[in-house]
Structures are given as C-alpha cells and as structure tokens.
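First, one chain by itself in structure tokens, the form predicted alone.
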C-alpha cells in the first residue's frame, strides 16, 4: 500500500470504519449496518470475521477496523472468539493487562455461516456462556459466491441455485428463536435503514455480558436484483410490511421495538426486487403471494393478539 494511502488510513478517527475503496457492492445493506454498529462498539474490539462478503473489506496487511481483526473459516468464527476471550481472560488474571486494556470479542458472519455452516459451533459457544457479540449480516443467500440459496433464503425467492418458476421452495429459518431457545443474555434484530433502533440495541448489547446476537437484515442489490440507490427504501419496506420484525429478547422475554400498526401489503416489498419478479410477470402467482401475506399476517396476529 502506498505511503499516501497509509497516512490517510492512519489519520482516520479512531472509531471510523473505512468506507472508501473497500470492495463491497454499491448499496450494500450489510455495510450500512456495520458502519453504524462499529460506531457504537468502537476500537476496543477484536472482530473475528468468518469467510464471507465482509472478509473482502480486508486488504492484507490492512483492515478497515481500527481495533483488531481475525479471519476464520466460515464455520469456525465462534471457536476463534472462544480462543481470543480465553486468552484475554488469562492475561487479565495474570495481571498482564488491565480491565482498561480488555477487548470485546465480536463475531462477524453472513447468513450462510450463522444459519447453517456455523450453527454447531455457535450453539456450543452459547451453551458455554461465551462472552461475545455475534453479528450476522443477513443478505438471505451466499452473496460472496453468487447468491446461492442459504437457510435464510425466503420462500419463493429466485437465487442462482433456485431458478425454477416458483423460486426457492423452502422457508427462511428463524434464527432469532433458535438463539432465544438457548437463553443467552441478549438477541436483537436490526436493519441499517432504522438507525435509531439499531443504535439503541447495540448500546444495550455492548453493556451486557455473555452470548449476544445482533441479526441485521442486509438488503443486497446484487443478489436481490434492484438498483443500489434503493437500499434504504427496500429496508424501510421490509419493516413497514412486517416481513422483518424489529424485536429483542432479554431476560426471557421478547419485545417488539417497532410495531407497524398499518402494515403495507407484502407485495410492496417483493415487487421492488428482481428475485421475486416471477411472482408478478408474465402472470401474477396469486397462490404464492397470498401464502406469503398470510404467513406475515399470522405472525402479527399472534403478536398483537
């Protein structure tokens, strides 16, 4: 890296996440959320980054994180966080570092790792009570390798590996409930398009100890097939249609932090994305559209009832 660029990076504010020149897609909803998350968590962190879109932020030997950063295989990030947390605890016990020098262990993964390949290691880390924050940028597919379907892909979405006339036949896994079933210290859903809700939840997670999940829906122009300038609008629609509930689990209770009292029809969200275009053209697939709407309505009827 040339000297001029090195000085520019070195002189950035301590908690700033480098936002220029990084090889992420324009309009990336995951990066939008990560910017905001990092502004709150700051540099006293070790990011354990599982293979995925966000590992492309690092250009050896530099990363955009002003704290520490470690790359791991896709399924191994929680194990990496365990090793880091254990090493820090040993140093604290021996007096080699003070509490002022301590760092938070942060796992950063995509949905491929969080919902699927890394689930076993994650479950074990939660069971052990590992003191870490787990951040998942959920773009609902394996975005770094061509948007193959993942266990977070929504019903009927077309991906590079679900190209049939009805799209992906499966249903998105409920990662929030899986984490909550482990009884961790905190679980929350967020989205970059709702920054106040996001910041409040990150502040809360930062002050807690034990296993904590921040699950960020991450609109993906490349994989979802829409204009990058529409990422914020797509994010707002995910919340306003009720497709993406903003909620948190704490002390054994689930609380919804933003309830869309007058929900928009789900098709207002779906029709903005090319991955669902087959539901509208050349003919409307009323059966699938009605089914998606009914599942969303049933979720909120139970919450509001």
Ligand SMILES: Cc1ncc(C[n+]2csc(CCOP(=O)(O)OP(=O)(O)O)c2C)c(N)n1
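Numbering follows the first chain given and starts at 1. Nothing here was measured: the structure is a model prediction, and the numbers come from that model.
As for the form predicted in complex with the ligand, it is not shown, yet the points below apply to it.
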| query | finding |
| --- | --- |
| Of 161, 120, 96, 145, the one that lies within 4.5 Å of the ligand in the predicted bound form (heavy atoms) | 145 |
| Contact residue in the predicted bound form, chosen from 33, 48, 243, 51 - any heavy atom within 4.5 Å of the ligand | 51 |
| Residue 153 within 4.5 Å of the ligand in the predicted bound form, heavy atoms | no |
| Close approach of residue 137 to the ligand in the predicted bound form, 4.5 Å, heavy atom | yes |
| Partner proximity in the predicted bound form: residue 74 to the ligand, non-hydrogen atom cutoff 4.5 Å | yes |
| Residue 112, heavy atom within 4.5 angstroms of the ligand in the predicted bound form | yes |
| Answer range among 153-161, 169-177, 209-217, 104-112 for contact with the ligand, defined in the predicted bound form as heavy atoms within 4.5 Å | 104-112 |
